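Starting off, we have a lone chain in the form predicted on its own, written out as structure tokens.
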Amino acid sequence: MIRRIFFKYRFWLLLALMFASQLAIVGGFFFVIVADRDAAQRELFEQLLLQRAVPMLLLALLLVSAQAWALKALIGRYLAPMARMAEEAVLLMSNPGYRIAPTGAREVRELGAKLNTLATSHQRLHDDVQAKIEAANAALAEERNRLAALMSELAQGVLVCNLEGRILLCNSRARKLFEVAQGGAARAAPVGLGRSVFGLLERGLIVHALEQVQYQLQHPEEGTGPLSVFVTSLNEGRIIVRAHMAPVVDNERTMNGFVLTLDDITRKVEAEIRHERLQQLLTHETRDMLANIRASVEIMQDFPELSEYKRQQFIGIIDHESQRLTRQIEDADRQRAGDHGGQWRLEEMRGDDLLALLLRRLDNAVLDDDARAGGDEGALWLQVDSYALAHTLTYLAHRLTHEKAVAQLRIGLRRVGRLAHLELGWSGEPLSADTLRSWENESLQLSVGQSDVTLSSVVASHGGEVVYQFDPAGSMSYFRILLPLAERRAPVDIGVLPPGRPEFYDFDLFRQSGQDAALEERPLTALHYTVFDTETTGLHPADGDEIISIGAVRIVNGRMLEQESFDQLVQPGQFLRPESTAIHGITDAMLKGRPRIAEVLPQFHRFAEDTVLVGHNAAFDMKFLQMKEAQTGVRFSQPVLDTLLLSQVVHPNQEQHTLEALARRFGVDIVGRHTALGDASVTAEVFLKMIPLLAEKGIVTLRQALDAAQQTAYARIRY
């Protein structure tokens, strides 16, 4: 505090000190002269002083003016330029391309030029080192991309967490699973690095599984590894998940995290439930029907003298119950087919890919142009066991070629209603029913131990049927397999990775402890941040101006996660002023149909939970957020750091503290200025470069940063 006051009023304090020193010297001189004089001499001396008081005062004023001029020149030409130069010299560490602007006296300018020469030499060395680092990073990035592609291809969701439940790795399947379970990305609890897994899965289940795994680690059994499996439901049973938990251990076999593999078993569970219901239905109703039939038969056997009328009644009962039993069995068969028995073997496959596979397997087959996959209705998708199906058709083609001398086969696939007709056609004599039946029921010897696999069983395992048709007009035979269509496979977004490094894992978080305890005493480098910005209709929230855009990015473990961002336009319920649009470029047409702040703010609140908020001139943005807390029911209670205030802490001698000035000083490229997400990204990069400069000033914890920011002049600004 004293230092800041002295710095602010240093000119007047130094001038007063110099003048006081001179007065003391002159006063002492006169005291020495008159100290040993008698009264008459002192009176004469005082008269002489009074007679020359005016010239002496003028001389004193002239002297003070000269001192003020000299002091101002000293400060302006030496002290102030050197103070700025000291701050700028620190910037050279974080921004090697930065150069000091020499000002002040010739000696100071020469010193600045020398520092710039050293900076150029330093930059050259820095560039060399940086090139080597970039080469190493490129190799590492390639490995990361491979891992990202591998993780994206996994059919299961994967989460890797530390013991506190912080997510260190998550693949796209896991993100998608939780988004679908919670009704879409907008409503979903955020899934990302550094977030808590307890917000996604029930805490009790995870804790229980952890206890099991830790017990197994402490009591190992030969041939088995520690593993815990549990089943849980997401979003009130909307999706059922089977989770496998395996430990992550260090070199000393101490558990420091765990891997959760998540498998969506909703469809399997539903199929099992249908199967159980079907079984119950068959058991109960079939027993009743058989009892009725048996009772009728026993009565007819025990009482042969029954009248013809009674006998016909019992025969009617037997006929009725037998027909019911037949329908029951047919319904059960249809339901079983609908459940696609053995579905675990089936895979989603495009029709064109299946045709290409069959053409490669069948030497004498050509594609039937009139029976191409999909037709005009787009790509056709099936759920098939491609190995078994290809083997089946190869078997059929072999029998036709060698036993019926078929020279060429035509193969095609077409959509017929809700079915796909996989067709094998050939020219020649028709097949007899006995031949077809024997071929359909002959073992295919598909693999070792599967002697009971036949053409019929393969088709039945797909929930399909076989139809044979002979066209006498063209002497053409057609063998068709009717297969249920499948929904198109959801695309896996791995073709083109977004710009920047794929931020799907950060194993450095293994070394971090939780953020909940003593948050303000934790180092700035160990905290998680949400850096945000808003665009508004104007500058006066109290006068009715509204938020029209919120953008934010996350910083975790000292890195900005480019792939975890929040970017949402907001319908303000009022027209934009032209001067407002001129700044941010957002128009009324762009806001048409956008959600209101009551919908957007809770989403942003979930995105920013468990983090420290950071903004540039954050007081302005926070005022807008706080004015909507009552309306939206969310409250932003986390700490807030402001780069505008922190800039004054690290650069008190700089005149400019705008975001553009900070970006220029720190060498941050400005992209998307005056867009909420663009400004948030620039602010995040600037903030990351500020942290080491704050550490040089002894500001290393959140508490110290908040205190230092509150002591700056801009901290008194209120909106």
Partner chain sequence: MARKILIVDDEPNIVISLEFLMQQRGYEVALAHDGEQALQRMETFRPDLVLLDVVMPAMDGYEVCRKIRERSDWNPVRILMLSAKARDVDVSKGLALGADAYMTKPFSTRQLMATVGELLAANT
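From a predicted model like this one, the values you see are computed outputs, not experimental measurements. Positions refer to the first chain, counted from 1.
FYI, the form predicted together with the partner chain isn't displayed, but the following is about it.
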| item | value |
| --- | --- |
| Among the candidates 238, 287, 72, 132, the residue which, in the predicted complex, approaches the partner chain to within 4.5 Å (heavy atoms) | 287 |
| Listed residue that, although the partner chain is not shown, lies within 4.5 Å of it in the predicted complex (heavy atoms), from 198, 303, 387, 575 | 303 |
| The partner chain contact in the predicted complex: residue 433, any heavy atom under 4.5 Å | yes |
| Any non-hydrogen atom of residue 294 within 4.5 angstroms of the partner chain in the predicted complex | yes |
| Partner contact for residue 324 in the predicted complex: the partner chain, 4.5 angstroms, heavy atom | yes |
| Distance check, residue 639 to the partner chain in the predicted complex, heavy atom within 4.5 Å | no |
| Proximity to the partner chain in the predicted complex (heavy atom, within 4.5 Å), stretch among 591-599, 413-421, 113-121, 539-547 | 413-421 |
